[in-house]
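One chain follows as structure tokens, the form predicted alone.
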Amino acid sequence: MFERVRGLKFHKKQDVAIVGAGITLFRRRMNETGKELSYYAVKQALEEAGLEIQDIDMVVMGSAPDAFDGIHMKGEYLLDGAGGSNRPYMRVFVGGGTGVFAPIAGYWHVASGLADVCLVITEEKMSSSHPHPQSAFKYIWDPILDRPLNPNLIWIFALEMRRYMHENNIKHEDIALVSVKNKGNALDHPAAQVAEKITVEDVLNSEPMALPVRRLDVSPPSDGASALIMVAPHIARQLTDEPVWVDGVGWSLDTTWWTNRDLYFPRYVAEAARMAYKMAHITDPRKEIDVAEPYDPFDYKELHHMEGLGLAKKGEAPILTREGVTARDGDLPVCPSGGLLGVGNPIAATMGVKVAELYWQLAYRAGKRQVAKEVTTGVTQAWGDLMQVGTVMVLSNKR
């Protein structure tokens, strides 16, 4: 399929390109197993790249809690469906941050020269966890200080949302605009689970979960998988005239002691972004980033993360949203895929609506979702665990 450079020793990191991506449907309950979901995503990515499974040197799997699939060490369980048999294979996971951290792991395998072609798969089958996927998080809490309070993640995120609103004097109406935008964008996504045309009033009148969080402020639990093909430069140029390059990567974890942090600003995202931007030589992200896919499991989190990524000043993201700047035809399109709020939230598999979507946008392969403006550089980000993980990737179509 392509010519390899045999015996080449890299003394400095090499560039890394993305040349194919795949995504399954995102749904509340899928009949397929996690292995089968992984297979479908891989098949699509290989076909887009013009490769076959025997062309793959290494495989990186990203998947969040074992409890979702009900199988301990599920990375090994998913191996054969992900194409990992009889080749180097590893699993990474940092909760919700896995959707960007998995391709970061793929990046360093290729950038180091250890692999010419790396397949990255992310999978999540949340419907196996009964009575609700929320029960899988029962044991992430500190057993002395947190667990006696019987907390859940909605409860914690409601505290963060309230703090963000209070510190920046933000109205719920402005936050709800994110849900309206993203669910509307998702109408053009073939994998979307909860795409719909809604209004701000629909969000504000939806079922209360843990105030101020309401039903339509939250993304749905999902089953799904996604895949990327990451390659060395000499391979990329043989496969396509328009590769999308990884310009920067960054990750950061804050303490699990969420009670000891001011929740109004995601410092862990800012630290991860600083690392990625330095690597990408970006000094003014608001001016240099053309399109963004921040992590949006809740509507307020898109705004929160925009500010952590330096795409808006503290408290400014709701204003940009209200003024249409973040719309698909705006000056800074944000979550043109429809994000987690519209497409669905299969934790790690959200790589498909974050890194994969950014790849499709920069390769001009996003179809009806393609943003109106010319795009050269984009940023995507994921977030997870107890509001402590930030993972960031900067992509570009220029060299």
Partner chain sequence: MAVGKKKISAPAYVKGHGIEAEDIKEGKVTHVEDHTDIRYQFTAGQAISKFLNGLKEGKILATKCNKCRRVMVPPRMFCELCYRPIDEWVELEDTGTVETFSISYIDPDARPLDEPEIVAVISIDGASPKMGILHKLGEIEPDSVYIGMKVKAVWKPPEEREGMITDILYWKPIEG
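Computed from a predicted model, the values in this text were never measured in an experiment. Positions refer to the first chain, counted from 1.
Another form, the form predicted together with its partner chain, is not on view; read the next lines as being about it.
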property	result
Partner-facing stretch of 314 to 322, 240 to 248, 99 to 107, 271 to 279, counted where any non-hydrogen atom is within 4.5 angstroms of its partner chain in the predicted complex	240 to 248
Arg27: touches its partner chain in the predicted complex, heavy atom cutoff 4.5 angstroms	yes
4.5 Å heavy atom contact, Ile23 to its partner chain in the predicted complex	yes
Contact test in the predicted complex: Asn86 vs its partner chain, heavy atoms, 4.5 Å	no
Distance check, Glu288 to its partner chain in the predicted complex, heavy atom within 4.5 Å	no
One residue of Asp202, Asp188, Asp146, Asp174 in contact with its partner chain, assessed in the predicted complex (non-hydrogen atom, 4.5 angstroms)	Asp146
Contacts with its partner chain in the predicted complex - residues in 163 to 183 whose heavy atoms fall within 4.5 Å	Arg163, His166
